[in-house]
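There is one chain below, alone, in structure tokens, taken in the form predicted on its own.
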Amino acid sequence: MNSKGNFVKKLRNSGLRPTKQRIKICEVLFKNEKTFHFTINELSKIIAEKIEEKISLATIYNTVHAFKKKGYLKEISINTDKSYFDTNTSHHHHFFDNLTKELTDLSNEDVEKIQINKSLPGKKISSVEILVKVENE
């Protein structure tokens, strides 16, 4: 199936109508060789630069959140008012640079076994992902 066909399928699976603008959002998100991290505002700028078209922030926000809900994107909350999204949806860790605000993947091989000594009644751990915040010395 061609890329456009895959994009239409992702959009429909996410409960979204495959409009021209949403397909363009898919091109920016899923046509890259490498996975990447972004905020909604950063994605809006990337879209404007790459496809030279203005897509409303509301359309981008709704599309990204529909993709997150369906599992096509992962949300990483840095603090109460800042979230990044990741096109790599596998379980993995991150570095966050407090100065540059850059989020970088940290491979599982770079983190030793993590042991959790507490459990919540009626709950089981589904994954453990570490966010390491760094700053200049």
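The term rigid core refers to the most C-alpha atoms you can superpose between the two forms while keeping them within 1.5 Å. Model, not experiment: these values are computed from the prediction. Residue indices: 1-based, along the sequence shown.
The same protein has a further form, the form predicted in complex with a further copy of the same chain, not shown here; the description that follows concerns it.
**Student:** Given that the partner is absent here, state which listed stretch (49-57, 35-43, 71-79, 22-30) has heavy atoms within 4.5 Å of a further copy of the same chain in the predicted bound form.
**Tutor:** Partner-contacting stretch among the options: 71-79.
**Student:** Using a 4.5 angstroms cut-off on non-hydrogen atoms, would residue 123 count as touching a further copy of the same chain in the predicted bound form?
**Tutor:** It does: once a further copy of the same chain is placed as it appears in the predicted bound form, residue 123 has a heavy atom within 4.5 Å of it.
**Student:** I'd like to know if residue 136 sits close to a further copy of the same chain in the predicted bound form, meaning any non-hydrogen atom pair within 4.5 angstroms.
**Tutor:** Output for residue 136 is yes: heavy atoms within 4.5 Å of a further copy of the same chain.
**Student:** Contact between residue 132 and a further copy of the same chain in the predicted bound form at 4.5 Å, heavy atoms?
**Tutor:** So residue 132 counts as contacting a further copy of the same chain.
**Student:** Answer for residue 62 alone: is it within 4.5 Å of a further copy of the same chain in the predicted bound form, judged on heavy atom distances?
**Tutor:** Residue 62: no contact with a further copy of the same chain in the predicted bound form.
**Student:** Answer yes if the CA of residue 41 moves 2 Å or more between the shown form and the other one after aligning the rigid core, and no otherwise.
**Tutor:** Residue 41 C-alpha, core-superposed: shift of less than 2 Å.
**Student:** At a 2 Å cut-off on C-alpha positions, does residue 79 qualify as shifted between the shown form and the other one after fitting the rigid core?
**Tutor:** Yes; residue 79 is a residue whose C-alpha shifts (by 2 Å or more) between the shown form and the other one when the cores are overlaid.
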